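Next up: just one chain, as structure tokens, the form predicted on its own.
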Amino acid sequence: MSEEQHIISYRKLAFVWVALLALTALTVGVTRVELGAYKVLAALAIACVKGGLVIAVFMHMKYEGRLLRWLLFLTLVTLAIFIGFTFFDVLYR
């Protein structure tokens, strides 16, 4: 079984790093704007995008096979369900 190595250019890595910095600045900006209950939703959405960038580029998930991608998706869905149950429990306590 041969393994392919994926070399990512420094330009692409720098672009992703700048995008992560911009998204971090956007997260800080969201905290300064009065959005009510949507402030948490906006911050979580930005965090999901940042996490997706890190997983795809820095962890090379973009180059993995279909099985590993589906396992990651299943894991993230399971985590989301458990977090959702936790919020549901806290909301109706």
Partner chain sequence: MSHPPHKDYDGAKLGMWLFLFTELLLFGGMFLLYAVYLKRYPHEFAAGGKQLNWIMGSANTVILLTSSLCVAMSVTAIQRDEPRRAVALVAGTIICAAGFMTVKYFEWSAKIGHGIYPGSAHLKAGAPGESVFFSLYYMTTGIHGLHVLIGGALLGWIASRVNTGTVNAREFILLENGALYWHLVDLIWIFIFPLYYLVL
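Positions refer to the first chain, counted from 1. Keep in mind that this is a model prediction, so the values were computed, not measured.
Just so it is clear, the following notes concern the form predicted in complex with its partner chain, a form of the same protein that is not shown.
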I'd like to check something about residue 38: if you look in the predicted complex, is any of its heavy atoms closer than or equal to 4.5 Å to a heavy atom of its partner chain? no
If we define contact as a non-hydrogen atom of the residue within 4.5 angstroms of the partner, is residue 66 a contact of its partner chain in the predicted complex? no
Taking its partner chain in the predicted complex and a 4.5 Å non-hydrogen atom cutoff, the residues of 18-32 making contact are 20, 21, 24, 27, 28, 31, 32
